[in-house]
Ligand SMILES: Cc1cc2nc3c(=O)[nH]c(=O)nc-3n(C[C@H](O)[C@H](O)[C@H](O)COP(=O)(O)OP(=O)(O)OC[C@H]3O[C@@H](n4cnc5c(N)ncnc54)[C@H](O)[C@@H]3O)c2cc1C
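To begin, one chain is listed below as structure tokens, in the form predicted alone.
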């Protein structure tokens, strides 16, 4: 059994890559689960990039046109007249991409476990049968705890966080997300409320289950009104290299994850485009270079995270005063892009008054971000 490309992992990044390559090359996809979806994922993707990447429209559950940001004692609102982000059904997204790939000729092996490489072949356990599958290229798109990454002895320098999320009933503004930054509740990450409609929202955080429970109490949401509870983990940092020999890492397996929000679907899809180009050109070594924009975003996000971890709640309150000012809101609403936090930071720091106020709070914050 031989493929031009064998993709190990049928999540968003792996399925997106399969869709790009199927029809051009013989593609196989190995997926450990017996069905798509199932992972904890809030699923908020910028509307501009969702369309640019041509992701399945049927996976969109809700449209967001703004967000309200809460600290311990303050709040401010960012809004636009049109949808800025989509809330998606993770299972629908994965399945929609898989359907496209299969229609183009890709082979899918569900309920199949990658066990390692032997003599240049992938060893796979599938429906009680041991398979050895040969391919010209192998792609590890098998998540944060990537078995492929371990097989190629990739080095990991990252912070790993547990994530908790409920779909819970309550009363919500259907087109506005909520972002809560309060270190008295959670000192390692923010908490969020992302509505699916006016009655149901996805509510979550990263860190400890205790912090999550505390946030639910502060937000006055009842765990007994939950429709679904999911857990997961993310890795914020670097995994190197992304290529070794004829094996490449993609998506969460390569830690192509935003350190600012822990989202990975958009970064994974953009890197899938770069990987497809490298494979089709027979120049796998170009892959990381073609992902330089994403690497720059990750680098910025890690600096932003270091700045956040170094602040106390009093610092955060003072930053909220700056970001909640009329000038800052005007900059954010006119220039910010949902998936490009580096662009947003640069736009704010180009305003002398805003820059001066941030430096006064903490010179290290600005030093991290520039």
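It should be emphasised that the depicted structure is a prediction, and the values quoted were computed from it without experimental measurement. Positions refer to the first chain, counted from 1.
We do not show the form predicted together with the named molecule, though everything after this point is about it.
- Taking a 4.5 Å heavy atom cutoff to the named molecule in the predicted bound form, the contact residue among 183, 100, 90, 239 is 90.
- Proximity to the named molecule in the predicted bound form, defined as a heavy atom within 4.5 Å, singles out one entry of 306, 33, 48, 318, which is 33.
- Contact with the named molecule in the predicted bound form, defined as any heavy atom within 4.5 Å, is confined among 209-217, 294-302, 231-239, 167-175 to 231-239.
- Taking non-hydrogen atoms only, residue 17 never approaches the named molecule to within 4.5 angstroms in the predicted bound form.
- Contact annotation: residue 113 falls within 4.5 Å of the named molecule in the predicted bound form, judged by heavy atom distances.
- When contacts are judged by a 4.5 Å heavy atom cut-off, residue 264 counts as touching the named molecule in the predicted bound form.
- At a distance threshold of 4.5 angstroms between non-hydrogen atoms, residue 27 is out of contact with the named molecule in the predicted bound form.
- Within 4.5 angstroms of the named molecule in the predicted bound form, the stretch 8-36 places a non-hydrogen atom from each of 8, 9, 10, 11, 12, 13, 14, 30, 31, 32, 33, taken in sequence order.
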